[in-house]
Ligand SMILES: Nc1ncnc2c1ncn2[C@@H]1O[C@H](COP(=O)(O)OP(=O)(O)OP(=O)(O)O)[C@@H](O)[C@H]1O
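The form predicted on its own is given below as one chain in structure tokens.
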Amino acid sequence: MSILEVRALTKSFGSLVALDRVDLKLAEGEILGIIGPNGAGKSTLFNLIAGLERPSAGAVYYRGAAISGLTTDAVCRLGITKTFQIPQLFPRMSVLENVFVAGLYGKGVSLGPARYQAETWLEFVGLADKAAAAAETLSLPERRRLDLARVLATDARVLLLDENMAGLNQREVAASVALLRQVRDRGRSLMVIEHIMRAIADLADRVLVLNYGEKIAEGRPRDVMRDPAVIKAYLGEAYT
């Protein structure tokens, strides 16, 4: 059963069509990779689903109900949340406070449960020992893990992760892949934008490829990465 569905989703900025009649389904407990060149419409897709932008046409459905046009906070309270390419943290607040606020306002829980959940998710992502530190003191890998803890604290069932592994080394990428598998095992469904093909191949159940706002391929990672259209538009002959 699909937890999230996008039908003919389109977004235009004047004469520029950033997303053109894209269809997709995300199954319960699935990890769907979203790949494509810069400017393909990947982040626009996430912004439309999360309510940061309104579609020019088409619709987004969550558990069968249309959610297009809802505000970002309403979408979050329903169970969908996203990260950004650059973690949007509160730099002078503590690591714990960053996650605490996400639960308090993103999920709408009271102070006690919000703090407990913040501590729980910090332990999960391996940042419990940094709870009192200011977010601005964290390294890039730590900031990305904190960003993940924040979206988990909202209790969202669908996580939209926009280049959550960007800037990480090979060892850190492997650790991130393992962590995201654990997130899925805890009942979440994930859509992951990523340029690191090894990470996508190891993590995703399916892959969807965008190019110039259009879906050009969809399927199992290994099949998609052998598709001539994907090689031509994105991967390049050197990849094969």
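Note that residue numbering begins at 1 and tracks the sequence as displayed. Because the structure is predicted, anything quoted here is derived from the model rather than measured.
From this point on, the text means the form predicted together with the ligand, which you will not see here.
Peer 1: Which one of these stretches, 199 to 207, 32 to 40, 63 to 71, 179 to 187, sits within 4.5 Å of the ligand in the model of the complex when only heavy atoms are counted?
Peer 2: Answer to the contact question: 32 to 40.
Peer 1: The ligand isn't shown here, but in the model of the complex which of A217, M225, L9, A18 has a heavy atom within 4.5 Å of it?
Peer 2: So the residue touching the ligand in the model of the complex, by this definition, is A18.
Peer 1: Of the residues E119, D155, E163, E142, which one places a heavy atom within 4.5 Å of the ligand in the model of the complex?
Peer 2: Looking at E119, D155, E163, E142 one by one, just E163 meets the 4.5 Å heavy-atom criterion.
Peer 1: Does E28 reach the ligand in the model of the complex, with heavy atoms at most 4.5 Å apart?
Peer 2: Contact with the ligand, no.
Peer 1: Find out whether any non-hydrogen atom of E53 is located within 4.5 angstroms of the ligand in the model of the complex, and reply yes or no.
Peer 2: Judged by the heavy-atom cut-off of 4.5 Å, E53 is in contact with the ligand in the model of the complex.
Peer 1: With the partner left out here, which residues of 119 to 155 have a non-hydrogen atom within 4.5 Å of the ligand in the model of the complex?
Peer 2: Going through 119 to 155 in order - heavy atoms within 4.5 Å of the ligand in the model of the complex - there are no hits.
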